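The chain below stands alone, shown as structure tokens; this is the form predicted alone.
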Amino acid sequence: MSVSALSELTLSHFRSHLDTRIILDGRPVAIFGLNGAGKTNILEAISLLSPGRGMRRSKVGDMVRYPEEIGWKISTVLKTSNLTHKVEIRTGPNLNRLTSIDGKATSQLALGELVKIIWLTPNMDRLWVDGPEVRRRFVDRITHSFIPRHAQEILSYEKAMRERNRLLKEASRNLDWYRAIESQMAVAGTKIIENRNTALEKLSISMKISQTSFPVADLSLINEEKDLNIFSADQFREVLEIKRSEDLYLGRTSVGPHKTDLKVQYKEKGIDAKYCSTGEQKALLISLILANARGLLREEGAPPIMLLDEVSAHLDYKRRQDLYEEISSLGAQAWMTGTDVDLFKEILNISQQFKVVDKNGKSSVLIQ
């Protein structure tokens, strides 16, 4: 079963936090304080419990606290209904990232089996106007939450594609090597597409059962190769072979799941997300995150940990109330940040509150 909550979080020399310890009881967490106090740094630390580079996609060295520069450590106690795990993530001697679960060294991918974490950050508001790569990353985060092995499929596909691209740039004519690599790409690539479609189907079902004011969206994956979503591995391999001459000229692979884009349409209005108002785009994004959480609760029997950075700042009263009611009904430990405690007044009676203050470049967390 997935982890349902953190019961303890300790940050050592992590960004603005020299030595911060937070004791938790499983309820939603409201964190408030001035801009720059260190609120988002707490959420980023938690996001590193999930495979990948965290919600800011920062390099390990960029998270070191200055001026000490001695490396950082994140220690947590994760609780399910009947199990407790101690997880530690820290920097190694070469500023590499080391992970251990219950005192045993493990890989980042193993964390995906243990803990489900989803997040929403202010820079994700650009999801609808940025390039396809950003939306693919968003889809893959959601897909990985439902299907942990998805990350391995992406690694396998990208490794094979890099090798194929190398051969293309070198104008290699080694047909046997191309066929071997393209077979690997085809197997991993069709699995990636299958996983993504499965995840979007789960999101769609979750949105349809929502009772909140957040909009329902029609979701689909689009590709330059229109039939790619329904190709078998053999068909995809044949496409790669057909495209080889064109790709030799380009020096790169021109077709595959690495060219996929996410199409989101505001169902009630029948318009694409990129043409919606800023408020509607924000509501659609929150709707997808809530649908992700709902789907995981249904699949795993426990809600994910939710990291919602500055989520309430631009919501009207009705939608803010709906968001908090949804979090409450999910039973999720949602970590929410904001500049003012009044942003959380509708959830104060069922949450823990912490104020983050900065003094001389050191963040401190005060229990409210």
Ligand SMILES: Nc1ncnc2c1ncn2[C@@H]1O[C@H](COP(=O)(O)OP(=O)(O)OP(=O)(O)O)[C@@H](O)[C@H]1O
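Residue numbers here begin at 1 and follow the sequence given. Just so it is clear, the structure is predicted and the values come from calculations on it, not from any experiment.
Separately, the form predicted in complex with the named molecule exists; it is not shown, and the next lines address it.
- Just one listed stretch, out of 46-54, 300-308, 320-328, 31-39, contacts the named molecule in the predicted bound form at the 4.5 Å heavy atom level, and that stretch is 31-39.
- For the chain shown alone, V341 is not a contact residue for the named molecule in the predicted bound form, no non-hydrogen atom being within 4.5 angstroms.
- Among residues of the shown chain, L315 is not one whose heavy atoms approach the named molecule to within 4.5 Å in the predicted bound form.
- Among heavy atoms of T20, none comes within 4.5 Å of the named molecule in the predicted bound form.
- Contacts to the named molecule in the predicted bound form (heavy atom within 4.5 Å) from stretch 39-73: K39, T40, N41, R56, D62, M63, V64, R65, Y66.
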